[in-house]
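A single chain, nothing else alongside it, follows as structure tokens in the form predicted on its own.
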């Protein structure tokens, strides 16, 4: 019995390592080739650079307009994630605590967006009607609407695990509805709110299609479109392309590593009930 468990554990670890390599090796190839010369990077191998070309990153920043696209991405991801957290914090608490028919209908209507695909033709017509095409406000509103359903689903499950007696005790002590939300609800939601912020920040930062469809001005492009444009200009210089990709994924990778424990804890807590 022990031998069988040991064998199963070894097989599971081996499969896990193989799956991990599928994701790690491409990143490692990009990272190593970002420091190579143009001739070396053409082979796209895992071989260490003969000479570490740190100037590749300086070239990318200067010629790829990364500073502007970096701040655009930061603005879109930060503003969109904060807006989602604010809306979900208030809506999730109200919908989870009120179980009447209309509240349940609103909840299921919103989370229906998890399964429904995005109709870009209709969305484009609406954006044109409202004058939001090629605007930063428009792209932020799109990101907020797209990511609201899954965020509400996670927060709703988290709130359902908080005893109702906490609210009742606060009301007995004289809390108003606003005080109940601000002083009781939001502090209790802080773990899952951090999770929602980080997940949405990463999702918005990494998105490519929405800016491609709805932003025609290169001055408003995020880093994902800047990489796409950079690749089109320097398609034969893989060292510069890899350096550009490395600079693009670095911020979101740092955020993910620093907030990993909040992501795991918040998602697991919010997935217990829903």
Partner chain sequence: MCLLNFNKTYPTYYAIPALLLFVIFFFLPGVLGIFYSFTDWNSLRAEVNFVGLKNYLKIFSGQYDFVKYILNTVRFTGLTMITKTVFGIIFAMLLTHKLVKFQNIQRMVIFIPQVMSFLIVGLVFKSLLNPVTGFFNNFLKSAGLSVLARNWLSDSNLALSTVIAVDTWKGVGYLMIIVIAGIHGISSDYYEAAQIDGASFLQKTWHITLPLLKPVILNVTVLNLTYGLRVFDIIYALTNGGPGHATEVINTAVYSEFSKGNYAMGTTLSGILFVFVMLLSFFILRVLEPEEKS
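Positions refer to the first chain, counted from 1. These numbers were taken from a predicted model, which means no experiment stands behind them.
The next section is about a form of this same protein that is not shown, the form predicted together with the partner chain.
Next on the checklist: Check for me: heavy atom within 4.5 Å of the partner chain in the model of the complex, for each of 82, 194 and 220, yes or no.
Outcome noted: Per the other structure, none of 82, 194 and 220 touch the partner chain.
Checklist entry - Would residue 231 sit within 4.5 Å of the partner chain in the model of the complex, counting heavy atoms only? => result Because a heavy atom of residue 231 falls inside 4.5 Å of the partner chain in the model of the complex, the answer is yes.
Item to check | Non-hydrogen atom contact residue 213 with the partner chain in the model of the complex at 4.5 angstroms | outcome: Residue 213 belongs to the contact set for the partner chain.
Checklist entry - Given that the partner is absent here, does residue 189 sit within 4.5 Å of the partner chain in the model of the complex, heavy atoms only? => result It does not: once the partner chain is placed as it appears in the model of the complex, residue 189 has no heavy atom within 4.5 Å of it.
Next on the checklist: My question is simply whether residue 71 lines the interface with the partner chain in the model of the complex - judged by any non-hydrogen atom within 4.5 Å.
Outcome noted: Residue-level check for residue 71: no, no contact with the partner chain.
Checklist entry - Can you name the residues of 153-168 that have a non-hydrogen atom within 4.5 angstroms of the partner chain in the model of the complex? => result Going through 153-168 in order - heavy atoms within 4.5 Å of the partner chain in the model of the complex - the hits are 153, 156, 160, 164, 167, 168.
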